Every structure is written in structure tokens, then in C-alpha cells.
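Form predicted alone, single chain, as C-alpha cells, below.
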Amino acid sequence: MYAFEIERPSTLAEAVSALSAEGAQALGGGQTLIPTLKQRLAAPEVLVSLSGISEMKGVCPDDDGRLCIGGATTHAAVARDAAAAYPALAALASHIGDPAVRNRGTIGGSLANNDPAACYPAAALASNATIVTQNRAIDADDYFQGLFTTALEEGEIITEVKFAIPEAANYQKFLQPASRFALVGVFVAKYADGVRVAVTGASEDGVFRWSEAEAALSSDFSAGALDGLSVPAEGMIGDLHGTPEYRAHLVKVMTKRAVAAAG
């Protein structure tokens, strides 16, 4: 590690002010940023910890029937407190990393980082979520913009994520056993006006919606509706864990499993 300052604001206003300093960077649960610092891949002069901001924590419904989760809420808290309102989201959170990761990592940090194999981006995109910052609200369809790339501007903090609760949903993850990230993960959510299918871990461009599957499942919400579909291998990730063709195949397999589990 190297020398840096750390700020521990207790309010959102204090955090925004601290992040306006030159060389400052927000610190959520630190599950990605701290290893990045150790490898000298980032060198902020000031870390602004968001873990002490109580107004950015918690899980509760809003007046529109959406499930609202504070940006500094840990995965473990989502797994516990979202179980009654949104079981599929809670189940997803309960299988992120290991207990140490779940008790430190936050939903806001995960979405801000937008790792191409992270689980929350699939949940947010499939659930038509709204990502709220101190400045604005961003639709999930506009938020995710590619590998580790989002619509966030410098100094913006994810204060809250609002999930539209579906009629039925399920997340299936084919995990990489060492990292416990998704080799391929698929989140399926059925709403009154149609089905949304979001895929993580597979594409070189990060999380994406499988529109062909959405159309088929909106007409017939059954695993059999996907029989004639396939995902092109072009643009899929190829590495020591799997070829692009393998990941493309897994997308269909995991989507079928999610639909069957959602019922």
C-alpha cells in the first residue's frame, strides 16, 4: 500500500463535499477498490468512506410499490431485509462472494464498479431499477454503458437503488468457484407488461438484455419458449474458464433454469 488520507463523513452532504477535493475517491465496502490499491492500479490521494452514512443504508418500500435500497447497504443486509418483498434479489445477494465479502461489500459499490461478472447489474437491469444519486435518477437501461463503465459522473454517489418488484423472478448463476463471480449469470423478471432478461458474466461489453428471450417469454413464460433461440458467440468473453461458445451456450441454459425456477 501507499500513503493516503481517509475521510469518514457521517452525512451525504459531507461526503459530497469531501469528494470535491482533488484526488478524492469514494470507498464503499472496498471489496474491489482495496485490492486495486494494493496492486497499484489506482492511487487516489484521499479515500472518502461511505460506510458511516446512515441515511444511505436500509431496505424499505416506497409509495409506488418499489423496493428501495440505500447505496451503502451491505449484501448481507439485502439478503436479510429484502427476502420478504423481493425473494429473488435477496437470494442473489446471499450468494455473492463469501460471508466476509457479504458483510463488507455494498450494493452501491457493486453498481458503481460495474464489474462484467458482478451479480447486481443483472438484477438492476432485469428489474428495471432506478439508480439514484445526489443529483439525479438514472434508468438502468441508460446506466450501464459497457465494461466497468456507467453513466455516473465524477463525484456522483449512488445514494439509493429502486427496484420494480416483478410478479415472478429468479437468478441463476454458474459461478467461477475460486472467485465466486458469475461465469454466466441470468436474472429473469416477469412483469404485467412483459419479461426482462439480463445477463452478466458473458459479454465483453458487460451486462446486457437478451431481447429475443424477452419477446419469447413475454408470449409464453416457460423454459420451452427458448428452445429455438441461441445467443451468438461473437462478443462473448473467452478466457481460461470458458470459450465464447461455451458462455453463449450457458446463457441459454441458465435462462431456462431461471424461468423454470421462477415458475
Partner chain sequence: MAKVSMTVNGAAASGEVEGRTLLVEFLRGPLGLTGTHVGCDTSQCGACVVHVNGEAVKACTMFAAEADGAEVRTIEGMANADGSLGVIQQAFQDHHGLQCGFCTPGMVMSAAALLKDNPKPTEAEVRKYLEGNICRCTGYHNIVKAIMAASGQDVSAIAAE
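Residue numbers count along the first chain shown, from 1. Keep in mind that what you see is a predicted model, and the values were worked out from it rather than measured.
What follows is about the form predicted in complex with the partner chain, which we do not show.
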query	finding
Glu153, heavy atom within 4.5 angstroms of the partner chain in the predicted complex	no
Contact flag, Ser49 vs the partner chain in the predicted complex, heavy atom cut 4.5 Å	yes
Partner contact for Ile34 in the predicted complex: the partner chain, 4.5 angstroms, heavy atom	yes
Any non-hydrogen atom of Gln145 within 4.5 angstroms of the partner chain in the predicted complex	no
Stretch from 222-230, 22-30, 64-72, 199-207 whose residues place a heavy atom within 4.5 Å of the partner chain in the predicted complex	22-30
4.5 Å heavy atom contact with the partner chain in the predicted complex for all of Ile6, His95 and Asn103	yes
In the predicted complex, residues of 130-151 near the partner chain [heavy atom within 4.5 Å]	none
